[in-house]
Ligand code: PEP
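A single chain comes next, written as structure tokens; it is the form predicted on its own.
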Amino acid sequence: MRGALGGPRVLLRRLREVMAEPVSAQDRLDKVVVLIAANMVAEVCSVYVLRVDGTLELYATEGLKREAVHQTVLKADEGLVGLVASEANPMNLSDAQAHPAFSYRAETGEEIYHSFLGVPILRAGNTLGVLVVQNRARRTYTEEEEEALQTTAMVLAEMIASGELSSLAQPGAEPVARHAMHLVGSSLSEGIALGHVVLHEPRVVITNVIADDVPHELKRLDAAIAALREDLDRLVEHRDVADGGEHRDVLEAYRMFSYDQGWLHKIREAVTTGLTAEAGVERVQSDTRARMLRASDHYLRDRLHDLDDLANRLMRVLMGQDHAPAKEQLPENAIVVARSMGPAALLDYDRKRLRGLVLEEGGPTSHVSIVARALGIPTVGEIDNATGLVEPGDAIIVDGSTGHIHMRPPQDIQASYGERVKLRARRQAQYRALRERPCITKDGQKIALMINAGLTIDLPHIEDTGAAGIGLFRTELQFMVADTLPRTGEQLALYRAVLDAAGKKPVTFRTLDIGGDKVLPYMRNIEEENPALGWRAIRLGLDRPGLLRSQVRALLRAASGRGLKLMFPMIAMVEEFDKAKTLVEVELTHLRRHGHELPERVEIGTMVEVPSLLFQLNELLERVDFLSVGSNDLMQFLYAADRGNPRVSERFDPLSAPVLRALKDIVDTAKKHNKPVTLCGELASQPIGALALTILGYRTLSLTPSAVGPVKALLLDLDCRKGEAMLLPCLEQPVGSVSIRQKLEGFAAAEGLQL
């Protein structure tokens, strides 16, 4: 390479001048390839751009036949250029034609060139194209030349990402960058949201790529690295972390990466070629993210995620930016896009402006998903590289009902979803009109529709929906969104607020259901082979009675002078219920001895979610005041199918005969003992599920607030006797001989019931 390290610096300065010239996109691109070829003493320099159809089009060349520009199109896996694009790795060959992937295109005239150096044009880990230089002589390009070409590709990445080249494309063959995208993930919270992208951890926008003074940039980089390490040191030594635990181990590993010499050496090398310090960090980060997207090993992906996070943090230090978007900068219709997010971070956003949420990670049972559903925020998860595919301000549609995401949607898609939102709004208005109407079926069966809740933000939903009360209050959510273990006084204040908001309507509090997938950030996580079947819920509470007793004491004090209903989760044996109930009696004795006003009455029940209870129902019902069926866990335990695993969670139908037989046995046995039973799982929030449950004999359902209207509208038009005549004979038939779901759908259609 000419002039040692002076070559790329000179080239970058010349490129900056070309980028500022008032010329057409094609003229600018033509000048760029001439500059690169001259600087690298290459006889050929070509730019291939990745198109929306997955092919690579030759957009500019110096050295190949000019008539091939915009005519030569390669398949995504065709030739050396396709290999560079698909693997997102440079390729340096002294005799390209000897490589098995070489593909000859006569229209380019490249058969006379032997040496080949191709580098991917990357941005945020996404391949936007390929930059190639070639020579007739058989030679291997030096590491410095390869590094210089990768640095130059950054400039082209910004040009492509800006959308400037779209004017050169035919319809349907536009550059992949900035084009409309339709992706499908997992539905985490229902609803439809139209808005504009807000990155939860905003990508730093680098305005100055090319350095004027490389030694100064290296000093800036060293100072930023030192500041980054100091920040991490403070985090690790913070009093909430210093006591130890897995979260400290994670931060220690994170801090260790900031001292990784290989990572830091790559950044310094990039800066030495003529980039600013922040552009050097972005160059290395883009390479890291490209590797991360193609890594199949989960451990490696996690480590690459750590480096990606560190790069973001380092760039913010260099740019003097905060680590989170300012609340006042949120647009009116914000759609937050994040790699992952904790529930507390979601609550930091202004609910009035937040319309939807898109996550790269996180399943239906993740903490943030639970809070998103409580807030009624349409949410879609498992969208690979979502944060790298969008820019702040991009138009986006989130369809939480189907798991579909539309990034930069065309006008017809926006119009179609706009109509769906209007239709949904009209239906919601119809549901609101039913708010004060009692939920009584056509044949006179009274159905109590209650809501699931867990935070103070849920409380207005009691009045908004006209619900009969709260059938499940998840007390663990207060613990999940807090930075430290909530004190007894904090718990007491929350429980009083809940009872005050409910007024005369009943509230059923579930004691702490933590452990398994619900790991508290300030408690040591116990590694288990099968956490859903492990040390969680009542098992943890009985082994740590101080934690359970402090919660029970707060609940009893909050309910002084009024009724209290509390239930225990994950009970597997009647003996466990007996032990838990004894703890409540001990706390009642303690409060009585110290002169506290006691609740007017205390009803104690249990969740039915472990299949072993199906064979202890008579003994259990002699002890409890009520039952509440947790259909989510009961379903996953019946079928040994992890509800958080997409490979098996959809494998079994909750409306299949085995599940419905078990549910009917529970409600029938409870009736014999004259004990009330509620169902509070996701099944009750689906109109078709609520239809089946009501026909089976359930008279109290606890739903997500948004489901109360649709379910009530359906039940008001239901004749239970007709439903029983249809459904009950199906349960007597051999399993698999009939689709109960289809039978329910056919019955609903015949009866005019809206599913």
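Start at 1 with the first residue shown and count on from there. In this text the structure is predicted, and so the values were computed from the model without any measurement.
What follows is about the form predicted together with this ligand, which we do not show.
Non-hydrogen atom within 4.5 Å of this ligand in the model of the complex for each of D30, E62 and K65: No, the whole trio is out of contact, none within 4.5 Å by any heavy atom.
Candidate from N632, T272, T441, S115 lying within 4.5 Å of this ligand in the model of the complex - any heavy atom: It is N632 that has a heavy atom within 4.5 Å of the partner.
Interface residue in the model of the complex among C680, A374, L620, A153, criterion: non-hydrogen atom within 4.5 angstroms of this ligand: By the 4.5 Å criterion, the partner-contacting residue is C680.
Any non-hydrogen atom of E587 within 4.5 angstroms of this ligand in the model of the complex: Although this ligand is absent here, E587 would stay clear of it in the model of the complex, with no heavy atoms inside 4.5 Å.
This ligand contact in the model of the complex: R289, any heavy atom under 4.5 Å: Because no heavy atom of R289 falls inside 4.5 Å of this ligand in the model of the complex, the answer is no.
Partner proximity in the model of the complex: D513 to this ligand, non-hydrogen atom cutoff 4.5 Å: D513 belongs to the contact set for this ligand.
R123 within 4.5 Å of this ligand in the model of the complex, heavy atoms: R123 lies outside the contact set for this ligand.
Among 466-474, 125-133, 82-90, 665-673, the region lying within 4.5 Å of this ligand in the model of the complex by heavy atom distance: In short, 466-474.
Residues of stretch 605-627 in contact with this ligand in the model of the complex (4.5 Å, non-hydrogen atom): In sequence order, M607, E609 come within 4.5 Å of the partner.
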